[in-house]
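Here we start with a single chain on its own, the form predicted on its own, put down as structure tokens.
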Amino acid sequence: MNRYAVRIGSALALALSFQLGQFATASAAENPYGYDGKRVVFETLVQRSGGPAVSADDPGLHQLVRNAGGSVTWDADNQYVLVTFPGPTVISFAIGDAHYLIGSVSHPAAFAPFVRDGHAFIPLNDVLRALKLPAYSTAAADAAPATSTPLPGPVSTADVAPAPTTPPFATPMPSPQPDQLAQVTGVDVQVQPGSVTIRIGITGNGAYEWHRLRAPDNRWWIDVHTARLATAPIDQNGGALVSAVRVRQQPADTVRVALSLPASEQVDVAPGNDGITIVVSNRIVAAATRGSGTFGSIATANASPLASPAASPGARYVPSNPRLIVLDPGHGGSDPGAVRGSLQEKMVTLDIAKRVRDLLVDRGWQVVMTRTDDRDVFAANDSAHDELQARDDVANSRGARLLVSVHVNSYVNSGPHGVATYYYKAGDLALAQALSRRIASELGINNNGVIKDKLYVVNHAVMPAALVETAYISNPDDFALLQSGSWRQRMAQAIADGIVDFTESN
């Protein structure tokens, strides 16, 4: 995986081995924290040079946040700690990242959050700072309880309740002038069998961010920034999959579209030249909890930076060879990818890709593979850029209909398992969904859904492209599947069927 993406997990093992021996547990009973005249005792404090760290499941932390009307969630799958408030405002910490977000604004953290004995630890004073409370210190704790400006209590209205006049957690920013705002011209909800499509019409350019809360909340919302709602507020039923769609103008320059979901359905977001499309599917997934992007002409430009007619803003890709499929077996040659025992990612991906090729050729398709044996595509021990671009060049130079890259996932522990399908450009989404649907229905493996990620090969392909992480070599059950020739054949069949499904409808 090292040539395709640097994820938090891939760098975590070394960081943890260094960090776990450097913390001494503080005496919580001797160091209570004063909050608005109340005593809060943190039971899991550990000290490091940047200040105290507290576990995300610490009762004192939960008491503090609950008193402010919020909640704390540790998302082990995605390695995030979220502090969420009605409105909603979200403070998010990512394991291994020395920055945290308040909404979409990044702030430096005292130190990177880490995992110790299965518990996630975050910088306590950064949490307190985000809540506008005094910092924790032994000296302060020994003194009289500190007082602070009361935090806002729970908001009784729904997800899209108007925010306070002065947002308590947002960094003050000058308000844009009215003529600088994009216009949300409407929200259209279309209910189909097994899915709901929500189309947000927008004129102008801008950025968005989305968040979701897991069960039991099952709330999902997207904030369109620097935008004005050009219609009346909207409250609409979205059928069985989306019990409510609510659209409101938030503080002056943000439009929020909030969805009430009965369960953890898959939600995909695809920005475009004239708005944002949201697709809710009737598959339960352990999906990501936040994401962001841009819309308008800047979204199209960012989607594919290659200078070609197919990548020009607003243009639809037209393949010069519509019967050609390009398959990219991940890694190869000097880059084995993920390894466990004698099993190497580069050989598994090659085997699966060859099986996909044979199935597609039998159906009358032309197929080119970026490699057909154990070799580097560009050169041995080459740079990641040269190697990845060489793979894209195979597809881009031939005017292929689409590109699918095949990989094997890995993590620092054995917990994560299952398949995930990645896309980045707006034109990739339908392909990724088609692949994910077939894999879910034909294999029965845990499906982590369709995930938007700026992976090089997907981003720099001018045609629709997707990357399939077939299973986790680090998980014992998935490892056994990857060793099975019959299972690889079933995976190849599902990928081939997904490719054909996409070509028949696009």
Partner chain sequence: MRNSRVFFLLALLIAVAAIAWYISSHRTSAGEVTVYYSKVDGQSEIPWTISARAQQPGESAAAYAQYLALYAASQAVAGPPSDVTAIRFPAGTQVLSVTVDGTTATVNLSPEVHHPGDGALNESGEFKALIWTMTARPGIDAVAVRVAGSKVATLNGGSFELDEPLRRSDW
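Positions refer to the first chain, counted from 1. These figures come from a predicted structure and were not determined experimentally.
What comes next is about the form predicted together with the partner chain, which is not displayed.
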{"item": "Stretch in contact in the predicted bound form with the partner chain, which is absent here, among 435-443, 57-65, 465-473, 42-50 (heavy atoms within 4.5 Å)", "value": "465-473"}
{"item": "Proximity of residue 380 to the partner chain in the predicted bound form, heavy atoms at 4.5 Å", "value": "no"}
{"item": "Residue contact check: residue 384 to the partner chain in the predicted bound form, 4.5 Å heavy atom", "value": "yes"}
{"item": "4.5 angstroms heavy atom contact with the partner chain in the predicted bound form for residue 479", "value": "no"}
{"item": "Residue 123, heavy atom within 4.5 angstroms of the partner chain in the predicted bound form", "value": "no"}
{"item": "Within 4.5 Å of the partner chain in the predicted bound form, all of 337, 409 and 450 (non-hydrogen atom)", "value": "yes"}
{"item": "Any residue of 452-468 that, in the predicted bound form, places a heavy atom within 4.5 Å of the partner chain", "value": "452, 453, 454, 455, 456, 459, 460"}
